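One chain comes next, on its own, written out as structure tokens in the form predicted on its own.
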């Protein structure tokens, strides 16, 4: 049985479905519209339990999923949605131990996804030119305990990235085509390049630039999610769905110099049949 511990980030869901994410600290309390919940009373409680506020309202105590944390992230601009983040992680082979470079930290939603995937032995280097956005991203990463796996850099990527031989690089910028040369200099051979753009004209401009760059195996994709009402008597699609939020573009870095394989004249497999 897994119980909560001091310093753990937990989720509390009320009877009306409203949820709260808090990090448990002795002596603190959560003030809700349905009463107060004391942290001391929550520490050591088994996850999945129903706890009661001082007014008698019931709350379910859970460990939040990364998707739930991302939906509740503090933001001041549009974030990359969880539906894209999950696919980006798989498509670009983001896993423990890899090095990821990101241009355009924003509120840190995608940065959070990268950090969660590369920990405990990998690292994320995230570039941003707006100090206020970097400060917000740092706050969000600290709240989730992920800051040790991320280096935030305040720098214009037009000047180039500091890293070399990175496994993956993601451009969350309005003009990613302007930074392909810098991206290629940072990636290892065969490294993954990704970008996300909201409009077709931006995608087309990036595609033209990729045609004349040392990147290949280009793909453009988008993800739509339709939820369903989970009432057995009238199960059907929900009235609203998460439609278009961005086009994802993927490519691989290649060396433009052809590497010829040596031929052994004594090897019979080299002979024509």
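Predicted model, so just to flag it, every value in this text is computed and none were measured. Residue numbers count along the first chain shown, from 1.
Heads up, the form predicted in complex with a small molecule isn't pictured, but that's what we're talking about next.
Enquirer: Exactly one stretch in 115 to 123, 90 to 98, 166 to 174, 141 to 149 has heavy atoms within 4.5 Å of the small molecule in the model of the complex; which is it?
Expert: Single hit among the candidates: 166 to 174.
Enquirer: Applying a 4.5 Å heavy atom distance criterion, does residue 109 contact the small molecule in the model of the complex?
Expert: Contact check for residue 109: yes, within 4.5 Å of the small molecule in the model of the complex.
Enquirer: According to a 4.5 angstroms non-hydrogen atom cut-off, is residue 185 in contact with the small molecule in the model of the complex?
Expert: No, residue 185 sits far enough from the small molecule in the model of the complex that none of its heavy atoms falls within 4.5 Å.
Enquirer: Heavy atoms within 4.5 Å of the small molecule in the model of the complex: does residue 104 have any?
Expert: Result yes; residue 104 sits at the interface with the small molecule in the model of the complex.
Enquirer: Looking at the partner-bound form in the model of the complex, is residue 83 within 4.5 Å of the small molecule by any heavy atom?
Expert: No, residue 83 stays farther than 4.5 Å from the small molecule in the model of the complex.
Enquirer: Are all three of 66, 223 and 247 close to the small molecule in the model of the complex, meaning a heavy atom of each within 4.5 Å?
Expert: No.
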